[in-house]
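Taking the form predicted alone, here's one chain by itself in structure tokens.
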Amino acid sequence: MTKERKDKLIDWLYLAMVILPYVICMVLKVLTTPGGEGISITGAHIYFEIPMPLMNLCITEVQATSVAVIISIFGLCLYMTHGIKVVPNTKRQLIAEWVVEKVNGLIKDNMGNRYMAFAPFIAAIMAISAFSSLSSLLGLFPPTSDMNIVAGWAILVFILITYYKLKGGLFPYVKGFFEPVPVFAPFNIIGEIATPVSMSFRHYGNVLSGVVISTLVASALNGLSQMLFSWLPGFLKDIPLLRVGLPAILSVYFDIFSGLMQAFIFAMLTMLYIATGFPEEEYEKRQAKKKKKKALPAA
């Protein structure tokens, strides 16, 4: 096998990693979801449960779609970076470099040069969030419509925020809760806890509301179409004519624009909370003290 054919085969394998996980999820949903009349907004479908000591662990459509999203993004990254060279000679390498430059620019503009190592993390957050929201276009239950998923991301970000706040020392961190006056301590603590709560509810609420509104409008148009065109002969009366057009327009906003916008907002909040929470002056003082302590034995 020549090198050219081998590279093409690898490219097709990477593309299969991008597409097949979604196909499997779609087939799994069709085979396991019971048929019914009308609409049902009951959350993600539960495939099976694993017995656990406290409560059963439910394996739902959300977990399946989340795994599909991760595998798909991984396959896309492998495809976009396969065969890269010092001098770009393919469109996909140019696109990959453009994405890297944009993310690096986003980090530099919003966080500063100190945080350039956060670029892969921020890119991963935006990609996972965007792909998860866009999965609704394939008829899947978007993981971003599940509070558990988005809350997990927010808790992870909150741990990072707290970690960087503690870079200035434990005492300055605790002291900050009692500023400007001690009476504000309860409010400052509530504000600290509210950070992951607000991040998760904002993302979850916007995506879920879009799914619910699109479903309700499509169902209403279907019923209205059957009522107005019931006089048509044969199978024509069963065609939901009014569902042509408007649901697609709503999908452009709720599924595409809103989903991508929420991914961007979540990433922006992550960058701002981490960068603004870092006590740079206290950190520099601690670093200077450490250098002095190290220099004393040498002297």
Partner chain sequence: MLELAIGIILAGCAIGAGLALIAGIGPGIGEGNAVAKACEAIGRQPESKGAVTSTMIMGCAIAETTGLYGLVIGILLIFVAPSSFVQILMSNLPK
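All values derive from a computational prediction rather than experimental measurement. Positions refer to the first chain, counted from 1.
Below: the form predicted together with its partner chain, not depicted.
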On the criterion of a non-hydrogen atom at 4.5 angstroms or closer, are V212, F257 and M261 all touching its partner chain in the model of the complex?
yes
With a 4.5 Å heavy atom cut-off, would you call Y79 a contact of its partner chain in the model of the complex?
no
Does any part of N206 reach within 4.5 Å of its partner chain in the model of the complex? Heavy atoms only, please.
yes
With the cut-off set at 4.5 Å between non-hydrogen atoms, does M26 touch its partner chain in the model of the complex?
no
Though only this chain appears here, would R202 touch its partner chain in the model of the complex if you measure heavy atom gaps against 4.5 Å?
yes
Thinking of its partner chain in the model of the complex, which stretch from 130-138, 114-122, 193-201, 89-97 has heavy atoms inside 4.5 Å of it?
193-201
Tell me, which of I70, I265, I46, V252 has a heavy atom within 4.5 angstroms of its partner chain in the model of the complex?
I265
